[in-house]
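One chain is shown next in structure tokens, namely the form predicted on its own.
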């Protein structure tokens, strides 16, 4: 019978096998330690031999991960040629499936905010303006064609929910963007660079400053929907030329009144102003990526990118509505469309004499049921049914395959058929 060798002895034999060169490395180890002690002793006795640059870093003791030019630490942003050696930048380019026509140098420029580098030739201000225009255009036409009966106030709210700073900030975070602690020429080009000490350049969209702006702020005048479409920006907000200076003054006032002793521990890191700066920097980066794709790859590529990364986000339009008097608005809607006057009817009930009654009320126009709702009382159920009836009217959609005006820009496009657009809301808000 053959004798079996225990597994423990076989493993012990493997561990005892000496690899080639181990003796040489073991003999050299004390020498290297001795040299390391001698170097540390010499540097400790001669601090004047440090190779310090403008940032005060000793690059002999703490060498950079890549060779930097002598003036790297004095630059506000990394040099463009360093983008070709950045692993983070190459990973971001591959993660977003960007076209090969988009060079890494341009992608690195999209990560430099105007607050980090004021030179427009090296920051992303121009690309962000182009990207903001393209994003707002494609989202606006998609909302209007898909939901042609939406009130203008709801369109503005939906535009803000898709293209505002907060959603674009979330888009940038979902891409895995990391930000640098402090901008500078020695920073990895694959990191988002912005300054928390200055707001940078505000990207101004389309719109006009109202002549009565001072009186609006002073007397709280009400602006109509029609004037907001003509004068205000893409979200229905007033255009202010000194918005950037006003934000800086508010930040200075907050810094002057800041008292660390009264601030709770869980709020000690950052404040509202710094979070706003970080949000705007991430949003501008998302806009700049869209602008860069348009500059290098054209219209079709940027439209597909917006559809994949921004249009694909889920938004519940029914939660954007807020009715003050839904029954009166429903009566006006039926009168405008020549419908029969709406009538509320109780469809079912349960527990009328109990502690938690439930009523189901429906709104009928002739023989057509416009909507229904459930409530703890007849009045509450009637109001909810009127709201659901208005939502079912405003949220009408011809379908997701409706053609958009930008589809006509494609070569050999089919003849255009005008999209259905409603005459407008019933009651202006």
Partner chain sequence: MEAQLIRRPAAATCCTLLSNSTSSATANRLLVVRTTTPTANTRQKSTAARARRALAIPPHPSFLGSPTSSSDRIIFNPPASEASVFHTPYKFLPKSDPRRRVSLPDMFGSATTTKAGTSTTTPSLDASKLPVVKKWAFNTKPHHLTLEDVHEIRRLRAEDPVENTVAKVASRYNCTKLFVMMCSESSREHRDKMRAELEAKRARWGPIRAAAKAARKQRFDMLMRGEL
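Numbering follows the first chain given and starts at 1. Since the structure is predicted, the reported quantities are computational estimates derived from the model, not experimental observations.
Omitted from view is the form predicted together with its partner chain, to which the following refers.
Using a 4.5 angstroms heavy atom cutoff to its partner chain in the predicted bound form, none of 80, 110 and 192 count as contacting. Though its partner chain is absent from this view, in the predicted bound form it lies within 4.5 Å of a heavy atom of just one residue from 144, 196, 297, 333, which is 333. For the options 178, 340, 217, 272, the one in contact with its partner chain in the predicted bound form, meaning a heavy atom within 4.5 Å, is 340. For residue 369, a non-hydrogen atom is located within 4.5 Å of its partner chain in the predicted bound form, even though that partner is not displayed. In the predicted bound form, its partner chain stays beyond 4.5 Å of every heavy atom belonging to residue 211. Using a 4.5 Å cutoff between non-hydrogen atoms, residue 222 does not count as a contact of its partner chain in the predicted bound form. The shortest heavy atom separation between residue 206 and its partner chain in the predicted bound form exceeds 4.5 Å. The stretch among 346-354, 99-107, 130-138, 223-231 whose residues place heavy atoms within 4.5 Å of its partner chain in the predicted bound form is 346-354.
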